[in-house]
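Listed next as structure tokens is one chain, alone, in the form predicted alone.
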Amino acid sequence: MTTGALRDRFPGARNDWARFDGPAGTQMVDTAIAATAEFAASGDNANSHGEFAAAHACDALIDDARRVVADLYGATADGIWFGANMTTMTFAFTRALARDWRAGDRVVGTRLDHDANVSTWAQAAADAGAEHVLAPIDVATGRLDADAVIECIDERTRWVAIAGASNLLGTMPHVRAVADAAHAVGANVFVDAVALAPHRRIDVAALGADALVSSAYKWYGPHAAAMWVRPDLLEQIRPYKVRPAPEVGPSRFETGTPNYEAIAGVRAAARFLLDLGLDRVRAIEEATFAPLLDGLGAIRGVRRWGPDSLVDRTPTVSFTIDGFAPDAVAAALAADRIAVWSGTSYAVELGASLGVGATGGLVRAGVSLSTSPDDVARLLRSVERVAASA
């Protein structure tokens, strides 16, 4: 099965746009759209923990969605909780953690990460009087050397926050090596898997993650997210919550009424990926992405940022065109009905490290399951046209 054969599974892609904006949000798969609408219209969309049928249906939905998303994460259902998006959930999570931090504690992050995995920790650390440090990247390769993170970890470290993959460059750090070093001093590891989950099979144990989060709208679901926390650790954390909320289990973190209809869509999107198989997803995407990566490298005046191979990377590439601001490139491509992003894509520290934070950032193009080889050919033609007009 190719991306072309899959395209009809994504109603939002049934037009003449070539969509390379997937790293910021994919089109929903048909089964997720149907599941969201069907639950909203079913009469079961009520609230949980009641004594009538619709309330029981909400309970059953949440329980089953935890199991399905746990399968997607290679995790356990008793550690899964749902929320609005990765950023909102991580702010809530770090705020709860910081209740037990003290002056002298250390939190380690990286300059590769999306700001949702930087500012969330930095602000919580500042409130607690703890130290927040960031490991540098290799500017030449756009990669994060595990040793650079490990050098920041010491006996004071409480948490290490690291990306499973860069949302701007696609580079994938060696998370397990970092996790082993963190665990050796008694620290925990938080993995931002937003840019990883759509493209790779995840196993929290293999990664060494103590907590992991991703947003479902990056993997063909609705605008919602799911976090896993190691169950024994989850019970130790004191979330901010209302008094009637449960005292144990992941629902303690789900403040207020869950978005049941969206969670129905999340469950369906996770099932879609599980049924297709993440190893198959990788093969499909790489077959489409390789010509894009090579093609950009062959166009005069185009600079690809980050690695020039498929090794340890997701199907995301960022580039610039000599003589053109990234926003101007994105606008020119949009005129050809090609969707890309420009800027630093919230990877603030990475943009600054690369020296592009103050110059408009980069142009980012990502391949998803709705991207076809024809889309790639269109993008390359448009980029070549823009570059030739300099």
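All residue numbers refer to positions in the sequence shown, first residue = 1. Keep in mind it's a predicted model, so treat the numbers as computed, not measured.
The protein also exists as the form predicted in complex with a small molecule; that form is not presented, and the subsequent description refers to it.
Asks: Looking at 271, 313, 114, 230, which is the one with a non-hydrogen atom within 4.5 Å of the small molecule in the model of the complex?
Replies: By the 4.5 Å heavy-atom cutoff, the listed residue in contact is 114.
Asks: Which residue, 217, 73, 81, 121, has a heavy atom that falls within 4.5 Å of the small molecule in the model of the complex?
Replies: By the 4.5 Å heavy-atom cutoff, the listed residue in contact is 217.
Asks: Using heavy atoms and a 4.5 Å cut-off, decide whether 110, 162 and 351 all contact the small molecule in the model of the complex.
Replies: No residue of the spot touches the small molecule in the model of the complex.
Asks: Residue 87 versus the small molecule, in the model of the complex: is there a non-hydrogen atom within 4.5 Å?
Replies: The answer is yes: residue 87 has a heavy atom within 4.5 Å of the small molecule.
Asks: According to a 4.5 angstroms non-hydrogen atom cut-off, is residue 366 in contact with the small molecule in the model of the complex?
Replies: Heavy-atom contact with the small molecule at 4.5 Å: absent for residue 366.
Asks: Does residue 197 reach the small molecule in the model of the complex, with heavy atoms at most 4.5 Å apart?
Replies: Result no; residue 197 lies far from the small molecule in the model of the complex.
Asks: Could you tell me which of 169 to 177, 316 to 324, 187 to 195, 300 to 308 sits within 4.5 Å of the small molecule in the model of the complex, going by non-hydrogen atoms?
Replies: So the stretch in question is 187 to 195.
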